[in-house]
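Quick setup: one chain, the form predicted alone, written in structure tokens, and binding and motion questions come after.
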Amino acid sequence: MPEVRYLLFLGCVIPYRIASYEISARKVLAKLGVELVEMPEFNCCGLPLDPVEHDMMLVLAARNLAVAEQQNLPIMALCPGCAGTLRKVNMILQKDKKLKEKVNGYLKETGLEFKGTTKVKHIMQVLAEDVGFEKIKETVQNPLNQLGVTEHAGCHVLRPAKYIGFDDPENPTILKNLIELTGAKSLDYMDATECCGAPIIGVNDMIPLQLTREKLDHMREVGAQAVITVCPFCHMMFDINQPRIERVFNETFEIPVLHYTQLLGLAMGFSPDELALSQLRVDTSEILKLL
């Protein structure tokens, strides 16, 4: 397989709250032959600021893209929100010359210029398009045949389709296929493509808790032994907030929530410690007994 090299864009939340995603991603990508290059002096992708200050979002995203252009490498993001924002701004500025000039006017003060010569992918795209299903399957040493899981791809890895252009937002299959490469069964459940609610938790925390509770209920109905995520914010809703949801709604779910990279890592033969499973809030000991 030809060498695959990407600048790793970690974003804001992963280094501070979801280090288990980064740790497990680095492990599995190295085994798959993907070289990760540390991205120098990156900043927030800009997504959280878009509703407040659109131009600032554009400049923040464009600065990251300009840094990548200097390195002459594409960007890989673990967070779908980061990947989606950088992809969107990359496309918008490539097409709108006046806006590109405006943004470059700001970037000039920092010695940078956006040219539109780099690309951005989410880790799922790198796995599906650059590594390929066959290569992933070859690295599976311990098939997880005893495990039945549900997926939660989240919103930004699929939408808006005109900027993301990856998988079908109404009937996504890529994450399901990636899960089944590990030997685990991907279980269908009601409202699988619905949002977890994380984007509005800072405004009204009860609505996202209710949305996630409903999804957990539907997952429990089909017998899910674990939930698989590819987004740090979705992961926080299902894992970190699951005990709170149980208290608020007087429910008991106790469904472990794994990053896809942790699931794949287990199938590859990495130990739970190597994949930072101990950092997860919901106990994983029951599914580890099965494996």
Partner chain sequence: MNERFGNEFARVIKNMFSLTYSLNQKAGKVGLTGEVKLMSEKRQLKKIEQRKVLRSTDMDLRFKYKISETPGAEKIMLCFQCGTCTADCPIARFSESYRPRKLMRMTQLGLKERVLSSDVIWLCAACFTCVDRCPQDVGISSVLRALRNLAVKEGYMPRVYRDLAANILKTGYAYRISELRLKKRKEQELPALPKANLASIGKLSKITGFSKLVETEGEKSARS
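Residue numbers count along the first chain shown, from 1. Predicted model only: the values in this text are computed from it and were never measured.
Omitted from view is the form predicted in complex with its partner chain, to which the following refers.
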For the spot marked by E69, N145 and L147, is every residue within 4.5 Å of its partner chain in the model of the complex through some heavy atom?
no
Find the only residue in V59, I255, L32, I245 having a heavy atom within 4.5 Å of its partner chain in the model of the complex.
V59
is_contact(G132, its partner chain) in the model of the complex, heavy atom dist at most 4.5 Å
no
Check Q141 for me: does it contact its partner chain in the model of the complex (non-hydrogen atoms, 4.5 angstroms)?
no
Although its partner chain is absent from this view, report whether D217 comes within 4.5 Å of it in the model of the complex, heavy atoms only.
no
Does its partner chain get within 4.5 angstroms of any non-hydrogen atom of T110 in the model of the complex?
yes
Pick the stretch from 208 to 216, 71 to 79, 114 to 122, 179 to 187 whose residues have a heavy atom within 4.5 Å of its partner chain in the model of the complex.
208 to 216
Stretch 14 to 37: residues contacting its partner chain in the model of the complex, 4.5 Å heavy atom cut-off:
P15, Y16, R17, A19, E22, I23, R26
